[in-house]
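Quick heads-up: it's one chain on its own, the form predicted on its own, in structure tokens.
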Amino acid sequence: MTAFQTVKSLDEALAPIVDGCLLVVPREVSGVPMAATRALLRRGIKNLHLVALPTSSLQADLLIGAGCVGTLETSAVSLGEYGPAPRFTAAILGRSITMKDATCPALHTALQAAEKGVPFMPLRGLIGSDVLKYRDDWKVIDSPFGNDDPIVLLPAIKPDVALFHAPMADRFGNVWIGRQRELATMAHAAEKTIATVEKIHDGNLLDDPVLAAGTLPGFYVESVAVCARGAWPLPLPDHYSADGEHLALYAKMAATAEGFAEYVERYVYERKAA
């Protein structure tokens, strides 16, 4: 195997994410690409259809507050112990974004449909829930294999780009995702996958009998950018914890539009993440 030109600068790697892109990103405990998110803000990306699989926190709130998101599809956005996500809450109350309510199993199912190359997947657990009232793209039909047996059909979510942060990659484009298997689902479903990583592994990850099982093969990966502590201030599981002090600061500043603008000026445009 020969090395490909997959290792790029951050801005070069993010080039496939354009205005109007259908972008899928992972939940907080799976490796959120915050350095990449700040780079997208600096570029002024607009009208993203953001799919957070299956929830989000700071990343979605930051993108929404900066006016980067046109449509959001997820099951929750929250800062957890630091309170509600303030810019998400303001956007919903102000109806400045299109919200496509979902559930965690529904989002996984729709991504799995794209992963398998089929136009839809069935899911039963939505029957009887209010969320069906607000999703006219989800269809309830009678099962063809039983009488009086309704089932919900979910259209495949086919992202233009999957974006996540991982511990390491090699120069062949293979990315080690460890136990975060939803990252593989994202990559399988998306047209292109971009990964930011803590470091470049010396050697081929797929040749290592210990690391190979947790490795996403390079033929799924469009590009890789090295961003040390690239999930900050969110955690990278098994590597570093969340910066609670900074998240509390964000929650306080982003409570108002003026405070959010000051936060972005200070931490996105002026000061590098420590």
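Note that the structure is predicted; figures quoted are calculated from it, not measured. In case it trips you up, residue 1 is the first one in the sequence shown, and so on.
There is also a form predicted together with a further copy of the same chain; it is not shown, and the following applies to it.
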So in the predicted bound form, is a further copy of the same chain close enough to V226 to count as touching (4.5 Å, heavy atoms)? no
Is the gap between M121 and a further copy of the same chain in the predicted bound form 4.5 Å or less for some heavy atom pair? yes
Indicate whether P144 is a 4.5 Å heavy atom neighbour of a further copy of the same chain in the predicted bound form. yes
Residue-level contact is defined here as any heavy atom of the residue lying within 4.5 Å of a further copy of the same chain in the predicted bound form; does G117 satisfy this criterion? yes
I have E12, R42 and G70 flagged as a candidate spot, so tell me whether each of them has a non-hydrogen atom within 4.5 Å of a further copy of the same chain in the predicted bound form. no
Spot the stretch among 33-41, 245-253, 57-65, 211-219 with residues whose non-hydrogen atoms come within 4.5 Å of a further copy of the same chain in the predicted bound form. 211-219
Stretch 133-159 - residues with a heavy atom within 4.5 Å of a further copy of the same chain in the predicted bound form: D137, K139, I141, S143, P144, F145, I151, L153, L154, P155
